[in-house]
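Consider the single chain below, provided in structure tokens and representing the form predicted on its own.
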């Protein structure tokens, strides 16, 4: 239970107008030793919710089981080993900072970009989906157990098309009722279609994991009633993808759909099935902004917000415009851990032989890619043998493929 500490009680007695806030108490932290714990976040901050999740993974008792449910504001969450330039149309995340003449902004406003601490692919969060997390001892962990729990929760709400597929995701089958399936079989439904059937299952919740020596974390994002399904592909389609060769984990695209269930009903059903699975049904503990008072949680938020975490953790990749017919100066960049490590320029009419290639301008070598706010400033005076028009076309291409990060203005279009 969240209780009011003495500082909060004193504040309430003041005659000045105050914003009421809850404070993190020791009694709340003492619950980390309970064998079965259930939490629900009142915050919509993805950095905070993922940091609370990480704190529970690290600090909950080694033999305990933990359920955390939360909803985030519009945000894109990439996996621990993913490439933001490859997975995301970065120019759309903060439309106010970029010229949108070369794209059609979906109109959501600012969208957070967060690299989580678990593996897996990229997901889009908004108020129409609920994120579920279960933490348990590593020795008891299986990749399907808690996805099966969520499927049972969905079926308890009348969603009988839900099942766990071979990738450990939760899908809704789209066929006609044709099979007889046992009600306890969470991996099959009467609505399954043959592999070659055009009516593919709709993915409604993926799975990602983080394993430590003693603890295992399994989490997913359940699509319930997202109003943004039609524009999510805009955000998760990077214009740079055709021009990149990359290491790391690449997201697997799947058809998705809404379950058409309220957040409240889903949350209540998951809490019920969690209680059945672990034979303990108790009240869920609310968590929220007050957890930023804890040093570990606050430091976790700061780390997730840092450009060093978001961009410098990127696996090695290279990008080249040699297949682009609209530019006539060729450029290739090799990027290691978010830092430009090598590359070359070349004039296309020379056929790339011998002297046609030159090294990168001296200022680019060793530059952190996310620190570059203007490719004009980087290349404008560094290619004296190339005409101004050609350099301008090259810089425009680079701004489209490798735009400045959120909050850093794009100074190319002045």
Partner chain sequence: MSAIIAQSGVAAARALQGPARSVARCSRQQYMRLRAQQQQPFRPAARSFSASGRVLEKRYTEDHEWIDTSDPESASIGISTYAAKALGDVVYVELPTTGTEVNAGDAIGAVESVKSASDIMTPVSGTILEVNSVLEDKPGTINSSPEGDGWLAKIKISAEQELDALMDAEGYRKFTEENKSSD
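Positions refer to the first chain, counted from 1. Remember, it's a predicted structure, so these values are computed and weren't measured experimentally.
This protein has a second form, the form predicted in complex with its partner chain, left out of what is shown; the following refers to that one.
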item	value
Site test, 346, 375 and 390 vs its partner chain in the model of the complex, non-hydrogen atom cutoff 4.5 Å	no
4.5 Å heavy atom contact, residue 249 and its partner chain in the model of the complex	yes
Contact label in the model of the complex: residue 279 to its partner chain, heavy atom within 4.5 Å	no
Contact label in the model of the complex: residue 322 to its partner chain, heavy atom within 4.5 Å	no
Interface membership of residue 307, its partner chain in the model of the complex, 4.5 Å heavy atom rule	no
Answer option from 284, 208, 159, 236, heavy atom within 4.5 Å of its partner chain in the model of the complex	208
Interface residue in the model of the complex among 330, 169, 126, 290, criterion: non-hydrogen atom within 4.5 angstroms of its partner chain	169
Interface segment, criterion being heavy atoms within 4.5 Å of its partner chain in the model of the complex, picked from 67 to 75, 264 to 272, 136 to 144, 290 to 298	136 to 144
Any residue of 108 to 137 that, in the model of the complex, places a heavy atom within 4.5 Å of its partner chain	117, 118, 119, 120
